[in-house]
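Listed next as structure tokens is one chain, alone, in the form predicted on its own.
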Amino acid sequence: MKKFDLTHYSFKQLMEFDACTRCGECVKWCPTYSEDGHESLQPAEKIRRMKSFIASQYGLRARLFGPKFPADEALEEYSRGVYDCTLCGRCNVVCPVKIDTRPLWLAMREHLVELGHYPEFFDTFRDTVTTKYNISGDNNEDRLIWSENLEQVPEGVKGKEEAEIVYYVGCTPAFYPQSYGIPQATVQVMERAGLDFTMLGGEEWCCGYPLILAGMGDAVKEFVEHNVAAVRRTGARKLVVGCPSCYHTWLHEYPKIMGEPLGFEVQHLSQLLEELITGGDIKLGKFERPVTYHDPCDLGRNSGIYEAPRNVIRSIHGISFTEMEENRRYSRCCGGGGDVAMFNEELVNAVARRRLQQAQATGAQLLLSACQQCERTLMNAVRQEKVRMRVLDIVELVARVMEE
């Protein structure tokens, strides 16, 4: 008889299943449930369903009459709720008993992969990433294709063998034209600041984060070992990462997977910009327009970086900065997280529209973020809704207002 294996969950997580009081506080804060309304998306409902599966296998009735493995229909319904989640983490912020929901949802995804109940798309996606070393399926040697549009290509982009800093671009800015502006702006700022930096080019592999989110983290170790070795060969003391998801993975997941310290500092691009501005390495001119800022989930809630991007924005002369109604820990997700964009575009668009409405309410003409995925998702919402608003990453704005 099949066994409902619980080894994917820590003892703490098994306790959290019982800790949920079903108060419903998380329900009204869930961005995907707010737009879809399907019961399986409710955070508390995911926990309730898992508790019922555990009870049918290990509970008193199971002991008296024998264990009962969950039906395929029940697992499919449960899987929908687990995978149509952007993993934004707002449910954890508002949970009165402080259930650490995001790691719990990831453990559920790993379990569902083992059970064979997950979106079929991820089979192809895993093959793509593990053979092409990026999420787009392009030739990985083309990771610097965005630099071809630069008037002058900095020496660091060409790939110095040794440098103080390695700039890790990430898959989306490297291969998706909509995001080319982010690495282009980043290397211009670094060059202007006189930083000794280099890039890995084709030796940069996907950080592995999308596979971890899919519940397929067992395929990531090779990526971790390759990327860490590539950075170490440069002798760099610092790794600068523009993508919040890559940053979170390098900072929190890589040392655990390696079983040792990385040997270099991991810094998000917004933190570097703050340092350069504070230290006088770059000087900014005026930008006299109203702006607002969207907190990326993996930078804010999941990594605790809120002030660095805001300090960068406020350092621009003449700028008028207004916060959205929901910001920092309570910031509403743009919809682009959790791999949901790969198989449920309609849901992503609905979540993004809601966030765009909050941005419009501030009267801003420019919507800023510090994440290429947030920028792409919100930019698509602006175009679909025909809203007169620009969407930029903060590094793109910094590059535009830098003084000679």
Partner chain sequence: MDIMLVFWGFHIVAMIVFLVGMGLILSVWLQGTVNGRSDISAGQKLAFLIRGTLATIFSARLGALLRTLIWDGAIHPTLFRQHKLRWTAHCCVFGGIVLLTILSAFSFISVDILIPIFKMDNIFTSIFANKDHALTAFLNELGGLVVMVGLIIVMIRRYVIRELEMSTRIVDTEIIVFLALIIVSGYVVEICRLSFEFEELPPTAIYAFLSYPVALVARTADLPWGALHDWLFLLHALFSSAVIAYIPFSKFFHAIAGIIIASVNTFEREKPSLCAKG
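Positions refer to the first chain, counted from 1. This one's a predicted model, so the numbers in the text were calculated from it and none came from an experiment.
Below, we turn to the form predicted in complex with the partner chain, even though it does not appear here.
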| Does residue 12 reach the partner chain in the model of the complex, with heavy atoms at most 4.5 Å apart? | yes
| Though only this chain appears here, would residue 23 touch the partner chain in the model of the complex if you measure heavy atom gaps against 4.5 Å? | yes
| said: Even though the partner isn't displayed, in the model of the complex is residue 39 close enough to the partner chain, meaning a heavy atom within 4.5 Å? | reply: yes
| query | Using 4.5 Å between non-hydrogen atoms, is residue 68 touching the partner chain in the model of the complex? | reply | no
| message | When the partner chain is placed as it is in the model of the complex, are 192, 221 and 241 each within 4.5 Å of it, taking any non-hydrogen atom of the residue? | response | no
| Heavy atom within 4.5 Å of the partner chain in the model of the complex - residue from 125, 264, 133, 306 | 264
| task | Could you check which residue among 116, 96, 177, 259 gets a heavy atom within 4.5 Å of the partner chain in the model of the complex? | result | 96
| field | Stretch in contact, per heavy atom within 4.5 angstroms of the partner chain in the model of the complex, of 333-341, 23-31, 371-379, 346-354 | value | 23-31
| field | Sequence-ordered list of residues in 244-260 near the partner chain in the model of the complex, where near means a heavy atom within 4.5 Å | value | 251, 252, 255
